[in-house]
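Below you'll find only one chain, the form predicted on its own, shown as C-alpha cells.
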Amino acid sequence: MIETVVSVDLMVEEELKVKKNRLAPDFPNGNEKRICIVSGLYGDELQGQYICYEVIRRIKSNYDKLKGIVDVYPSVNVMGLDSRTREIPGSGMDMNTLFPGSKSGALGEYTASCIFGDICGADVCIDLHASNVYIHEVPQVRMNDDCVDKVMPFAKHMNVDMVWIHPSTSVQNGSLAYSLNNAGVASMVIESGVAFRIQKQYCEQIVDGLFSLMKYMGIWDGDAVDAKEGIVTDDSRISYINAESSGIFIPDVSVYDTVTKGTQIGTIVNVLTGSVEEVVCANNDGMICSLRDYPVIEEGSLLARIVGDINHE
C-alpha cells in the first residue's frame, strides 16, 4: 500500500511528497516484525533505487511468503533526486545531518521529522547509500562502535563483503542511522558502488542480503541465500592511500584485489608533459576495498583504502 509520509506545499502550486510502500501480510496477527528500507537521502546516490524496486518486486511475486511488515522509502530527498544534487536544492543542506528533525523547523527539518517519526517503532532500519562520485566502494555495512551488540546480529545477514565499525565520535549526530539507534531502532548504513550509477551486481547482492535478514527476523518465509561472511574491521585495520601530486590517476588494480605492501596500484600522470608524476604503491597488505573512480586528482586526494588482516571473522 502506497502511503504519503510527508506532504508540503511549495511555491508555484507545487507539492513535495515523500512516499513509502508498506508491504504487510494479508492476515496480520498484530505481532509482526517490521523492517524499514530507506534510500535517496543523497540525490546523487542511485543504487538504492534499484534495490527498493527489486525488494518490492520479489515480495509481490511471492506475497504469501511475507510474514512481517516491510516499509520501503525509495526517495526521501525527493527534490535532490529530481535535481540530481547531493543536498536539498535551494538550501544546500545535507539531509543526513537533520535527524531527528523538527516539526516546527524549515523544510528539511520538517521532512526529516516526519520520516523519523514514521520509522520509529520499527525493529530494524537499513539506510541504503552509494559512495560519492569519486570513490568506488565494495558493498559494506557501516555502524558505530557503541551499537555493535545491537546491530551486528542483523548486519551478519546482509551478504556484504565488509562490515566497518566506526568510532561513535566520528559519526554525525544528525544522521538517520545515529538518531534511530538512539531511539531504539537497530539501524545500519549500506555503502556500495559510486554515485550516479546503478551497479546491478552489487544491488542484487544487497537484495539477497535483505531477504536473508528478513528470513532471520521471521518477516520472510520464502527462499533466501546463505549470507556471505564479510570481513569485520575497524579503523585500525584500514589503510588510506592519498596522492602526493596532482594529475590523472591511472589505476593498475581493481576493488577486491589482494595486494602486499609495495605493490604498484597505479600511476599519476601529467597529461601536458607526458610524464609520470608519481608511482602509487600499497602501504599495507590486504584487500582493496575502496578505489578512486574519478581520475582527476589533486595532492592529498584519496586514491584507495586497503583493509588489512582479511581473514573473515
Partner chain sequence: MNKEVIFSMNTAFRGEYTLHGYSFGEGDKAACIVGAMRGNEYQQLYICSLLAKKLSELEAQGNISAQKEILLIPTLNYSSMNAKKTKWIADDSDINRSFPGNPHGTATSRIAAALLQRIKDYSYGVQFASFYLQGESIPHVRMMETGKESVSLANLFGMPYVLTGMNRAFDTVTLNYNWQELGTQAFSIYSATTETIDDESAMMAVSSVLRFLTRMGIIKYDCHGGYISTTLREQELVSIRAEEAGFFRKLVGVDREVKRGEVLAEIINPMDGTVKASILAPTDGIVFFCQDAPMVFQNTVIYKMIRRMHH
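Remember, predicted model here, so these are calculated numbers, not experimental data. Residue numbers count along the first chain shown, from 1.
This protein has a second form, the form predicted in complex with its partner chain, left out of what is shown; the following refers to that one.
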Check: Taking heavy atoms only, is residue 184 within 4.5 angstroms of its partner chain in the predicted complex?
Finding: no
Next item on the list: Although its partner chain is absent from this view, report whether residue 247 comes within 4.5 Å of it in the predicted complex, heavy atoms only.
Entry: yes
Notebook entry, point to check: Hey, in the predicted complex, is residue 230 touching its partner chain, heavy atoms inside 4.5 Å?
Noted result: no
Notebook entry, point to check: So, in the predicted complex, is residue 153 in contact with its partner chain at a 4.5 angstroms heavy atom limit?
Noted result: no
Check: Among 218-226, 194-202, 102-110, 136-144, which stretch sits within 4.5 Å of its partner chain in the predicted complex, heavy atoms only?
Finding: 102-110
Item checked: its partner chain: the contacting residue among 78, 72, 207, 243 in the predicted complex [heavy atom, 4.5 Å] -> 243
Notebook entry, point to check: What are the residues of 1-20, in order along the chain, with a heavy atom within 4.5 Å of its partner chain in the predicted complex?
Noted result: 7, 8, 9, 10, 11, 12, 13
Note to self: Can you confirm the direction of the Cα distance change for residue 184 and residue 168 in the predicted complex, closer or farther than in this form, given it is 3 Å or more?
What the structure shows: farther
